[in-house]
Ligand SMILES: Nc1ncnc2c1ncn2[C@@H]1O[C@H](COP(=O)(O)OP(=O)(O)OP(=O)(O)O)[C@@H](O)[C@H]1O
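Take a look at this one chain, the form predicted on its own, written out in structure tokens.
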Amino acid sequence: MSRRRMDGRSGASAGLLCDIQTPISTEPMESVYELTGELGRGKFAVVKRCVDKATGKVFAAKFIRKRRRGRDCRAEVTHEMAVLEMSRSNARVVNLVAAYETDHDIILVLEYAAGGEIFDHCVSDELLPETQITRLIRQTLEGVHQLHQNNLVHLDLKPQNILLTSLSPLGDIKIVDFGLARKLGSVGELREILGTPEYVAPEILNYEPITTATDLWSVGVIAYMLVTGESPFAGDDKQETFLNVSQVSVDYSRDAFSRVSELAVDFIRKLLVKAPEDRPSAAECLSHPWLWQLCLSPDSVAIIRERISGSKWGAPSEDPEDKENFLESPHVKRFRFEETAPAEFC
């Protein structure tokens, strides 16, 4: 849940939404909900588990400070509420249930995702099989696609902000934490320096215009982490991480991808490209055969390959020499984070 806003130039009010429909109650939330434990903590927010006293239903209560570093941040909190309201029809986004206000916090009562973060599966000794990974990536892209159709960009997509509705069996995904989300097209070009270093796209670091393609870079990072258990860009410090991102220094060696399918590598390498215009959209991503190969017959996969051969995706390289050069190319070392029946998943 933690989020780091990077130092740099920022248009803080650009792309923020103001109007909200959810009433913010000043009554004590404890009169309706019982707090039963902490779920996560960030620099300016704490998420606690809570239970509706009348129904027994479980929710997540996000306590967000109204003042940060001496600055009134109420507008940023109501912006997050407005984004959640705009996304109510999006099944892949966590649902906003109610809101409360105290002297120090605004509390968002949110849908509870009992399965925790998919980050836990990125750093586990037992990585998920590709069948389950492709289902999670498909669902993430469905959510991102619907956000983008509303001209919303999340700008902090990472495994810590993608939750699961259940752990066993592995549930569906819910995208959370829209504190950095922005509305595109409202005030011309959007340029901001924000996000979490390991997941930000090169255009963020270069203070270039933000587009929907910025989120797709993050999806590529998430896919890399799920299939390898490693971060593609995390360095020994923040500056090394930024350098790795700027140079798109990604390890695609045989060691990193020894148990990963060729189509998975193709999917990731098409997203982790420096030029935003060269990345496929969320809708185009959803046509990639990697996301469907374990659900379809070999003949169906071949048909999909043929259909996308002329698109931005192109076709996975079939030239043995080219594949060898790609897999064996030298890149920076990988760094592991220290933070804290397959067919049915199709």
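Sequential numbering from 1, following the sequence displayed. As the structure is a computational prediction, the values presented were derived from the model and not from experiment.
One more form of this protein, predicted together with this ligand, exists but is not displayed; see below.
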Run the site superposition, bring this ligand over from its position in the predicted complex, and let me know if the shown form is open or blocked under the 3-atom, 2.4 Å backbone or C-beta criterion. blocked
Select, from the options 215-223, 234-242, 109-117, 128-136, the stretch whose residues sit within 4.5 angstroms of this ligand in the predicted complex by heavy atom distance. 109-117
Pick from Thr140, Gln160, Thr228, Ser87: which has a non-hydrogen atom within 4.5 Å of this ligand in the predicted complex? Gln160
Just one of Leu291, Val47, Met29, Ala282 has a heavy atom within 4.5 Å of this ligand in the predicted complex. Which one? Val47
Mark Glu198 yes when one of its heavy atoms lies within 4.5 Å of a heavy atom of this ligand in the predicted complex, and no otherwise. no
In the predicted complex, is there a heavy atom of this ligand that lies within 4.5 Å of any heavy atom of Cys122, even though the partner is absent here? no
In the predicted complex, is there a heavy atom of this ligand that lies within 4.5 Å of any heavy atom of Arg67, even though the partner is absent here? no
Contact of Val176 with this ligand in the predicted complex (heavy atom, 4.5 Å): yes
Joint contact, Gly42, Lys62 and Val94 to this ligand in the predicted complex, by non-hydrogen atom at 4.5 Å: yes
